[in-house]
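Below sits a lone chain in structure tokens, taken as the form predicted on its own.
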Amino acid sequence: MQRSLFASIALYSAALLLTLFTLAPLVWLLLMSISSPNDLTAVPLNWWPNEVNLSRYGRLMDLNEGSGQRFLGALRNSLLTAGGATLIALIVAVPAAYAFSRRGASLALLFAFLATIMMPPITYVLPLYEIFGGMGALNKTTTLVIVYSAMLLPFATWLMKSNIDVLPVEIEQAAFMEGATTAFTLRRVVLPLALPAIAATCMLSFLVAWDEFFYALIFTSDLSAKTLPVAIADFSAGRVTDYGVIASVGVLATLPPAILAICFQRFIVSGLAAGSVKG
């Protein structure tokens, strides 16, 4: 169907407004990170820096600097916790989703899994804190990986199940007729077809774990386990706050998810769209 001129103008205007609404905070964050302290505190505000200051990025990437040690340590911890939790969640979610989709596993169990992520995180903090404290596991990245894996598993299972539901079951039946086992069929038949769904699930799960703040704040206390969201909050502590440093940390913190999204962009849309239809 051919759109009218008015409909086309309205559509592109809405897309432009959405783009500006999405990119404006990121652009301002970048401008703050390269602005001098005088520009950031000037009245009226300087929307464009008089001079470009990249020294903050140099300090953040320098292990000999206190701010660099904090940032790079938090970056390492975030990569380990988000990456490890995403990997564990996917390893468990794929066979679980296949069981719910193809082997008649009780959907009541799936809904029970989903109900756990509807509860506010504060309800789990006290028992988890007592358990991990008794085990001597507080302030460890391993603890965050366990908590994040449990948090991601219901979401990853549900998303993978909705995508496996739309895969043609006849291909699997043909494999079974040739004598293939369930494990072989899942590994060699289902997984290649579900690759876009796996990429989309991986991306979304990584983002959820990467941005998580509450559990990381409660279960960590120093640089050995603190993640980036908590470290960014620490940069704002103290009597004097350098908002340019906080902006620089924010810019650098967006790079890993952005790189991951660029690498998997062709899978993400198809993976999410595949689970929205059935037939």
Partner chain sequence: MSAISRSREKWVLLLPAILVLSFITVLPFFQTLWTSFTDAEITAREQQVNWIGLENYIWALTDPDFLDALGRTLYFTVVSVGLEGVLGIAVALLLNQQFRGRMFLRIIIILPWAVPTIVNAVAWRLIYHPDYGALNSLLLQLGLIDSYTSWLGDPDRALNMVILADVWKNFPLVAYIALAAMQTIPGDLLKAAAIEGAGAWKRFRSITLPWIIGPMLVVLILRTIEAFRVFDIIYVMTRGGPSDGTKTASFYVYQEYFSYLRSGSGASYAVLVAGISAVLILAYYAGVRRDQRGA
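Remember, predicted model here, so these are calculated numbers, not experimental data. Numbering follows the first chain given and starts at 1.
The protein also exists as the form predicted together with the partner chain; that form is not presented, and the subsequent description refers to it.
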task = Flag V147 as yes or no: does it have a non-hydrogen atom within 4.5 angstroms of any non-hydrogen atom of the partner chain in the model of the complex?
result = yes
query = Can you check whether I9 is within 4.5 Å of the partner chain in the model of the complex, heavy atom basis?
reply = no
inquiry  = With a cut-off of 4.5 Å between heavy atoms, is P229 one of the residues that contacts the partner chain in the model of the complex?
reply    = yes
message = Is W47 near the partner chain? Define near as a heavy atom within 4.5 Å, in the model of the complex.
response = yes
inquiry  = Pick out the residues of 74-105 whose heavy atoms come within 4.5 Å of the partner chain in the model of the complex.
reply    = V92, P95, A96, Y98, A99, F100, R103, G104, A105
